[in-house]
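Next up: just one chain, as structure tokens, the form predicted on its own.
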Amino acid sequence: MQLSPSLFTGGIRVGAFRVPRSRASRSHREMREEINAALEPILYGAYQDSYQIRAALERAFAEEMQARHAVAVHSGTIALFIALRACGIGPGDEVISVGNSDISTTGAIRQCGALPVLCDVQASDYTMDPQLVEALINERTRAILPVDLHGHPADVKSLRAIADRRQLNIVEDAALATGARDHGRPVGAFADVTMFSFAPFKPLGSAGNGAMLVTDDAALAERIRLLVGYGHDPSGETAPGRQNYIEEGYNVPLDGLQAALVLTKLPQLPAWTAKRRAIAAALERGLAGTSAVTPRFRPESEPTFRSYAITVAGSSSQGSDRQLELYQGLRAAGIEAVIHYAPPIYDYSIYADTFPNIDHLPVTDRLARQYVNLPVTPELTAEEVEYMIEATGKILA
């Protein structure tokens, strides 16, 4: 297929948003020499060099997250599935999660043969409400899967106390939260295993799919490596030239090109996280006089922001839906607003028979009708952030 030259000018798509969701390409251009140097061994060296680069990323990422083990995986979706499998989740089990996430979250649970049991979320930061979890636990419950939605750390320390008391695993979905901290530690510190995504729109994005599973449990890390690979016996106790498999693995390691790119970008994560927080703080101040409701966080929570999620309630004087009015108005103004995640997971056609009689998730239901997500890509200028504040205020007025 040939792309029309009229769509692009100087490498930039014509009609691009004035305030886009991501400007990662600008950072890539600024790091061009460093990135090219990192990719050259993969493209022009021995193929085995990619193994060393992936291993180097795993070591560096584990150090950044203050964890003992990190395993690089092809995508966040398969990483969640493997994390659950490594924790022994299978048919007949139940996993408590939330209904305001990506379908990858519930999909990973169901693909293990388990049933997702949905917990309502907090209106303040849109994450799992720990006070509602215990009532959902029964003899089939095996794990809790909280989601750090929009980069806001779920209260996993409180969930840890419940999990320990009820002998459950915690698999944390931190796909949107790379760079966030909670209780003075990198996000994921209180889970058995945590998934971070490297997809392009994430806080530490690659140029394609990618993810990392992080854990302090050596046995769990070994099990994850078996499933990420082919399931080859790591002991090496086979005859010369022979192979032995002790697990049916999935062969889904992170490819070398993505590993090299993420490894090159990783040192920039603290600075980019600080910039995202500064943009979020500016948006909070600027929207204070409008009808938008901005998120609120626990004092020990230090979010990063994949986007800045505000909520708007009710209808305009013309009776139109305020969420849709704001979303369309922002995009018409050249601001790449999005709506994550609506409708809730349980309203998807695929789940028509999975969650019958859902009537205990009022906050999840309400937020799905009110979310609008504003860009916080760290390359935004102060002028662009001010333009976004002014445009939002005018639409809401």
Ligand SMILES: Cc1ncc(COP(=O)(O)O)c(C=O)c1O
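One rule holds for the numbers: they count along the sequence shown, beginning at 1. Here the structure is a predicted model, which is why all the values come from computation and not from measurement.
There is another form of this protein, the form predicted together with the ligand, and it is not shown here; the text below is about that form.
Among T194, T304, Q258, T105, the residue placing a heavy atom within 4.5 Å of the ligand in the model of the complex is T105. Out of the listed residues T264, Q323, S75, N169, S75 is the one that sits within 4.5 Å of the ligand in the model of the complex by at least one heavy atom. When contacts are judged by a 4.5 Å heavy atom cut-off, C87 does not count as touching the ligand in the model of the complex. Of the heavy atoms in L80, some are within 4.5 Å of the ligand in the model of the complex. Of the heavy atoms in P203, none are within 4.5 Å of the ligand in the model of the complex.
Remark: A180 does not count among the residues lining the ligand in the model of the complex, judged by a heavy atom distance of 4.5 Å or less. Using a 4.5 Å cut-off to the ligand in the model of the complex, not one of I109, V117 and I137 places a heavy atom inside that distance. Screening 194-202, 270-278, 217-225, 180-188 for residues having heavy atoms within 4.5 Å of the ligand in the model of the complex returns a single hit, 194-202.
Taking a 4.5 Å heavy atom cutoff to the ligand in the model of the complex, the one contacting residue in 330-354 is Y341.
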